[in-house]
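A lone chain, given as structure tokens: the form predicted on its own.
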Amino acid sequence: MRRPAIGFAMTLPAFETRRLVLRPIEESDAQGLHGAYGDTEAMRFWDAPPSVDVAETASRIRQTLAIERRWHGMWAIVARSGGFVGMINYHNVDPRNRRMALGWITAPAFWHQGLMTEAAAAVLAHCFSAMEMHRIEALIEPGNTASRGLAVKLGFKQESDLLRDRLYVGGQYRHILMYGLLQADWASYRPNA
């Protein structure tokens, strides 16, 4: 059996924040996650079309769980007061360069409450410390003002002009912007969640 690279665990830790519990996603979370994955507006800027039903959301979770944790990890975000908020994940891991990307989605019922700022801060702290990342990226479509604002609030810097036709979703090409956050920047910057 191969050992994980330095800083990589085979299981994801759980986190608790002031208002949230973040735990590894499970297939049984399909109903909750479908509140985001099945919502056309929530998925408008995602890299896949909305799930047509809970079964498709469950299938997407199974696909995620089949990927080795060193390459992809996903947390369910649950409000302490009740309700499935959404999910956050890491992907596109490049261990040699100590780089990865983050993605996030929130169910519309939980928009504009600062919950993803709180969740992302916990995950970023983990990725920079326990996983020993040097750089974390976020690829965000220009029209996704909520995610762009979240990235800036977390300390990410927009590093590119438009990357044209970078994604192909639902039969259409989409442009994106690259945001980056370095470990040294994170060490001196903490968002107010």
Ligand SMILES: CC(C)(COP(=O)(O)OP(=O)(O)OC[C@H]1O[C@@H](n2cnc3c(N)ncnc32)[C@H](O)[C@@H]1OP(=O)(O)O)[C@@H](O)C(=O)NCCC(=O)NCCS
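From 1 onward, residues are counted along the sequence shown. It should be emphasised that the depicted structure is a prediction, and the values quoted were computed from it without experimental measurement.
One more form of this protein exists, namely the form predicted in complex with the named molecule; it is left out here, but the text below deals with it.
Asker: Is every one of F110, T145 and L150 within 4.5 Å of the named molecule in the predicted complex, counting heavy atoms?
Answerer: Yes, because F110, T145 and L150 each have a heavy atom that approaches the named molecule to within 4.5 Å in the predicted complex.
Asker: Which one, 44-52, 121-129, 63-71, 158-166, holds residues whose non-hydrogen atoms are within 4.5 Å of the named molecule in the predicted complex?
Answerer: That would be stretch 44-52.
Asker: Indicate whether the named molecule has at least one heavy atom within 4.5 Å of a heavy atom of L139 in the predicted complex.
Answerer: Yes - in the predicted complex, heavy atoms of L139 and the named molecule come within 4.5 Å of each other.
Asker: Applying a 4.5 Å heavy atom distance criterion, does L115 contact the named molecule in the predicted complex?
Answerer: Yes, L115 is a contact residue.
Asker: Please tell me whether any heavy atom belonging to I105 falls inside 4.5 Å of a heavy atom of the named molecule, as the geometry stands in the predicted complex.
Answerer: Close contact exists here: in the predicted complex, I105 approaches the named molecule to within 4.5 Å, heavy atoms only.
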